[in-house]
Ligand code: 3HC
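Only one chain comes next, encoded as structure tokens, the form predicted alone.
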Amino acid sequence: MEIKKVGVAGCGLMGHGITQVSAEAGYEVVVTELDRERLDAGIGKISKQLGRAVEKGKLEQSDADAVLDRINPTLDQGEFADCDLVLEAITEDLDLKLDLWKQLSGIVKEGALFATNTSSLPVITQAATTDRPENFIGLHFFNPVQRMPLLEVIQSVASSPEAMAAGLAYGEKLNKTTVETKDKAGFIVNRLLVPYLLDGIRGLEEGIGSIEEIDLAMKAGAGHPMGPLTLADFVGLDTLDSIAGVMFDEFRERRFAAPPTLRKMVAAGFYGVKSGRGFYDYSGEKPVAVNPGL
């Protein structure tokens, strides 16, 4: 199962990064979005990233141009027809993903590999919606895709060894550190990381320290590059809430349940970095801690 042409459904937070690293690795990439505005915004982010690399001397202008030339942005899902791998990077909503896979099953050529970039949703549930569950895997990238080295390659109960091998080979060509994992809620990283982030929020609720103190303590005491509340803002509080919901439904343990503060902040539209406000306010030159109204 050789991959030469990649399709990416979604050009948002994750999709534009997957598109960029795939094109940088030499793949021809087709990327779609729901409308021209979102598509142009995603391609604009890729152009900006490549421009910065050129300015810093990390990339020649001719190479940056070649990367953009390998990307075909389109609103037509029919362009996925001859792709060897089609990867979805749309909103973390199971119903939306299932609808997408039903559409793509009738479009993409037989034998092509399908992959979901879900951070928590069951891979097999999506695979079973398609006409090729044996050729369906999870490829969980991390944000920002261009910088984060890890790629979780997820095997469902239906994934064939050939599909897994193709997914691992794709990740290696992207120069990612690849790890194989099973189709369990949260996979490896989020299974371990999400309870930690939720405990950071609970600690804030219980008054063990302020936002800054909790973050500083974990940086200085545990050697983490950022504290749990800053990291939650970068993950996206809405995304964290969604993952917590999936994991709580799976395991029914308190450590996976979203704390009240998280649910209230999401309800208020405070999603973290992406919305400009979470546990910190990102509107100024430096993030400033914001009282979440405990």
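Note that residue numbering follows the sequence shown and begins at 1. Everything numeric here is computed off the predicted structure, so don't read it as measured data.
Unshown form predicted together with this ligand; subsequent notes refer to it.
- In summary, among the residues 174, 107, 128, 193, the only one with a non-hydrogen atom within 4.5 Å of this ligand in the model of the complex is 193.
- Residue 144 is the only one of 203, 122, 144, 133 with a heavy atom lying within 4.5 Å of this ligand in the model of the complex.
- Residue contact check for residue 243: one or more of its heavy atoms lie within 4.5 Å of this ligand in the model of the complex.
- The shortest heavy atom separation between residue 252 and this ligand in the model of the complex exceeds 4.5 Å.
- Within 4.5 Å of any heavy atom of this ligand in the model of the complex lies no heavy atom of residue 66.
- At a distance threshold of 4.5 angstroms between non-hydrogen atoms, residue 148 is in contact with this ligand in the model of the complex.
- The partner is not drawn, yet in the model of the complex one stretch among 244 to 252, 32 to 40, 229 to 237, 260 to 268 has residues with heavy atoms inside 4.5 Å of this ligand: 229 to 237.
- Contact annotation for the candidate site: 49, 58 and 225 all lie close to this ligand in the model of the complex (heavy atom within 4.5 Å).
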